[in-house]
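Next up: just one chain, as structure tokens, the form predicted on its own.
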């Protein structure tokens, strides 16, 4: 449960660091680090309003969405400590637990009967489908590299011993950073602050949500960011003792949040038609990781 506890702790500050970085990059003072979580707490104290055209699916979807992310977090290890849920092939369940939560949000947006929200749901489903191969190729390559299929065994036995293996780790971290951004519908795929109909993805899906439900949906974003940041952190934690691994974890999450803020500050959003090309590039990079693993293992013919 250590991993779960520190992920929840970091999620409280994560989006505040991102927003603060973006403010400083644009020459503004900006809100405090705690402002995003304060906004979420204010929403959680409010009641939700439901349209008469919606069914029970719309009401339960935010709870299932947040619960799916929390369950996925329980599978993540911290160095030599396994996750609360750990078994062979758990990274497959990890991906599809998250997929179930996203599926519920997609059908909830369709349940409103709005073609506008249906447009956003279609885009969300498309980009999630396109990014899935990149994640599985990265994790499958690491499983092949280590000979294990669970998060805990993969990261606890992952040792870099050559220039190619260091390149593999760097590319894997690069892919996971952009997987996190695409999964959260952030720049350069989507701008969470925009309300332009032709470019909205995630924001248009939750226009009918309010109060407590909207608070859960908004809190899911920092949780998912820190979740993917935990996967990246496990590349560097290795077999460090707790007195070192926990500070290293917080430092990596801080660097990850600052990196997200810088990317969103200095990268322009792609045209909607270019987003699939960008996602396919990540899949190509993940294939380089796979070929690098084959090269290290001497199986590349």
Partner chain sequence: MEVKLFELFNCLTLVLIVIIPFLGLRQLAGFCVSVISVQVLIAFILVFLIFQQGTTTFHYPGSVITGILSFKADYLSAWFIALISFTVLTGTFYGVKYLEKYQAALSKLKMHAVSFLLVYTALIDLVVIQNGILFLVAWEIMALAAFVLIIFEWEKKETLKAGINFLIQSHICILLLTLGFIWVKVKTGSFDFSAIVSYTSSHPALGIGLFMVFLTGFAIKAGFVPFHTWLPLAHPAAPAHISGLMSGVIIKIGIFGILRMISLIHANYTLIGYFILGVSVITGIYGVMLAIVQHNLKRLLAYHSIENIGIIGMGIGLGCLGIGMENTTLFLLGFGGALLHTLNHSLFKSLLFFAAGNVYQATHTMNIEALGGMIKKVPHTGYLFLIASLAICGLPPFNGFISEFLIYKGFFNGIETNHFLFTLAMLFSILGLVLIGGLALICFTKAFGVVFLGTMRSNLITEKVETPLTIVPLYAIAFAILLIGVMPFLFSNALFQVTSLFSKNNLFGAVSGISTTLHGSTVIGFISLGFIFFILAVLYLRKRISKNNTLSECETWGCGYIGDIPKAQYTASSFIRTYRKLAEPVLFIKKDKKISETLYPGETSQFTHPYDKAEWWLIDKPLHWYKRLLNRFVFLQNGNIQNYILYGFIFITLVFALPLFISKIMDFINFLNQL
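Numbering follows the first chain given and starts at 1. Given the structure is predicted, the values throughout are model-derived calculations rather than measurements.
Not pictured, yet referred to below: the form predicted in complex with its partner chain.
- A single residue from the set 34, 64, 240, 262 has any heavy atom within 4.5 angstroms of its partner chain in the predicted complex; that residue is 64.
- Of the residues 149, 185, 156, 221, just one reaches its partner chain in the predicted complex with a heavy atom at 4.5 Å or closer; this is 149.
- Of the candidate stretches 227-235, 186-194, 166-174, 137-145, only 137-145 contains residues with a heavy atom within 4.5 Å of its partner chain in the predicted complex.
- Put simply, residue 51 is close to its partner chain in the predicted complex: some heavy atom of it is within 4.5 Å.
- Among residues of the shown chain, residue 56 is one whose heavy atoms approach its partner chain to within 4.5 Å in the predicted complex.
- Using a 4.5 Å cutoff between non-hydrogen atoms, residue 68 counts as a contact of its partner chain in the predicted complex.
- Interface membership of residue 291, defined by any non-hydrogen atom within 4.5 Å of its partner chain in the predicted complex, is confirmed.
- Taking its partner chain as positioned in the predicted complex, the residues of 105-121 that bring a heavy atom within 4.5 Å of it are, in sequence order, 106, 107, 110, 111, 112, 113, 114, 115, 116, 118, 119, 121.
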